[in-house]
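The data below hold one chain only, encoded as structure tokens and taken in the form predicted on its own.
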């Protein structure tokens, strides 16, 4: 099978690694890829938003399956373009991707289907939103409606915070078009859980696993939101039975509703949940593999990843008997550039990556690096993902730290408390 992965980050590096393990993978390509991905797949220098060029490449190279990593190509309709030309795709079409593109779209579906979610209101201008916020109790949450690279959710402790958030969205245009509409919702207290389910083109839902991301830049869950500083899988408090139950409550009804509207959702359905004292609530939906959760999930997966992705695209997930995992848990820790998620330096030297001692359960995925004159340099905010699997989270984290200790990078930063909720310090 000739497989093409779309994207160039740590998630896509992990996806390429997993797909490459499959005996069914004949040739593996990645658009646009990266220097690190080029070690396991052929990187094709085409822009992700150049759908004409991607389609042409797929037809010329006889691509059997396209796996779309990031959300943006999905929301721009790349799946539609490929599927309309008889190319199999792992990833929803443009209307299905609206679940991630618009928080209002998802919240309105939840309201219609009576799916538990935080109470909310939607605003399209600063004055009305501010008036609303002046009459609320705190904390509350202000969200840019559109895509903001994981940084468009602001928890406001007081009215001044809300005012600052609204200024960012409406006046400073900090999130671009994504912030032209805001969703303001009640603040829920509880444990956040990411629920991943595979969906095929016939609407069959196959729960995959749970994970827990760490969004805040600083230890102790403090500081600014990021795209994710680390994750582990599965979440110890969510049993396999509970995972299937949550999928039936929060995922299957939405997939069925979309089908009734003529939207045949396929690909990854990633539901962000929060488990409160009153029960679980839906926070958000993502329509692709999570980042950095994928970098933990792939090393743990024993079932053929390509088989799962292909089954989603062809409508045969019901033929998958059981998903197998090689160990109990996995974790990934993100090394980011100092200053991220705000201003940070690029092209800083990272030494010793080629000489790392990795145990058989350790993995290194590049999220934002470039190779110049045989030297690895940083090329983004989140730069490296170090993953490991094992029987307990504490030991796994210690093993990851041993790998990180081998890396020399003056501008590097990572959180040392990933997994804190289930690790006795």
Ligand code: AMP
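Numbering follows the first chain given and starts at 1. Fair warning: this is a prediction, and the values are worked out from it, not measured in the lab.
In what follows, reference is made to the form predicted in complex with the named molecule, a form of this protein that is not presented.
In plain terms, the part of the chain that comes close to the named molecule in the predicted complex, with a heavy atom within 4.5 Å, is 137-145 out of 171-179, 342-350, 122-130, 137-145. The closest heavy atom approach of residue 98 to the named molecule in the predicted complex falls outside 4.5 Å. Contact annotation: residue 153 falls within 4.5 Å of the named molecule in the predicted complex, judged by heavy atom distances. The shortest heavy atom separation between residue 185 and the named molecule in the predicted complex is within 4.5 Å. Interface membership of residue 72, defined by any non-hydrogen atom within 4.5 Å of the named molecule in the predicted complex, is ruled out. Contact with the named molecule in the predicted complex, defined as a heavy atom within 4.5 Å, holds for exactly one of 161, 252, 284, 304, namely 284. Checking 87, 118, 205, 258 against the named molecule in the predicted complex, a heavy atom within 4.5 Å turns up for just one residue: 118. Residues are counted as partner-facing when one of their heavy atoms sits within 4.5 Å of the named molecule in the predicted complex; in 196-220 only 215 qualifies.
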